[in-house]
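Before any questions on binding or motion, here is one chain by itself as structure tokens, the form predicted on its own.
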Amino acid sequence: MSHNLLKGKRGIIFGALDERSIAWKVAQVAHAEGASFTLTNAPIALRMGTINKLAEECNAEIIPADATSVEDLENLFTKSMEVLGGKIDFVLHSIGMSPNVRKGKDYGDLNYDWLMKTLDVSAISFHKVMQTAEKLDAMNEWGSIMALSYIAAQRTFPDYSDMAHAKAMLESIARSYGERFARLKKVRVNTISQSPTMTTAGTGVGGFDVFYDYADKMSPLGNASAEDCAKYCVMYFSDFTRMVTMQNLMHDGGFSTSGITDRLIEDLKKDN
């Protein structure tokens, strides 16, 4: 059911790879709520994924961009404003990648060049997106910029490895640039800390299935789905959240504030 929450709003959505992507779900919900937007991803991701299907469904233009390249980002914002007919109201940063995690490197044996790549792709790109938007004066006042994070920014999850550092940096950038953008343009900047989600990126982390089950049992409401995360994102793109900024917003079914749950206790009893 649509409420036209984003009627007349223009946006850019980074990171839709396939139907399991949170960014894919955000695009579908944003479209249903009346938004127009462009879709973007790195050229190699565009070749791997099925984004053309999403673009057709949402009547959206695809503009390739490597989010670590300022030149690509300048082209993305400039072309998006041309295509959409004005400045941007919302941006979703749904980008994360760790070569160390992908290649199974132990945390005590990290490749530091790969670590720098992890930070650049997964966190510093967020700063580059906002700095580019600011310099091009591409954001409308009261716009909203969101990035997807994870609770490993605050807690230790061994298999998450150097992605934890990237998420901590991502959230720090959101606070620092959030203050700046609010002061300059009344643009709000937030991150969403989402439950473990069965996305292509998420399932690439070692031991994901076991942790997904554990998190579900540790969350009174269960794990939040990609669909529910998309609805949450869209609410923060809307005018109903104009005074929320510089926050890391937990969207995890209660996981982050649970010590233990009855479901987990019952499971532990069975093992004894």
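For every residue, the number given is its place in the sequence shown, counted from 1. Given the structure is predicted, the values throughout are model-derived calculations rather than measurements.
Not on display, but discussed next: the form predicted together with a small molecule.
- When you look in the predicted complex, the only residue of S161, T118, S94, T132 with a non-hydrogen atom within 4.5 Å of the small molecule is S94.
- Just one of N100, S195, S80, T191 comes within 4.5 Å of the small molecule in the predicted complex, counting any heavy atom, and that one is S195.
- Using a 4.5 Å cutoff between non-hydrogen atoms, S238 does not count as a contact of the small molecule in the predicted complex.
- When the small molecule is considered in the predicted complex, M218 lies well away from it, no heavy atom lying within 4.5 Å.
- With a 4.5 Å cutoff on heavy atoms, D66 counts as touching the small molecule in the predicted complex.
- By the criterion of a heavy atom within 4.5 Å, A138 is excluded from the residues contacting the small molecule in the predicted complex.
- The stretch among 105-113, 175-183, 82-90, 145-153 whose residues place heavy atoms within 4.5 Å of the small molecule in the predicted complex is 145-153.
- Shown here without its partner, the chain carries S36, Y232 and N248, none of which come within 4.5 Å of the small molecule in the predicted complex through any heavy atom.
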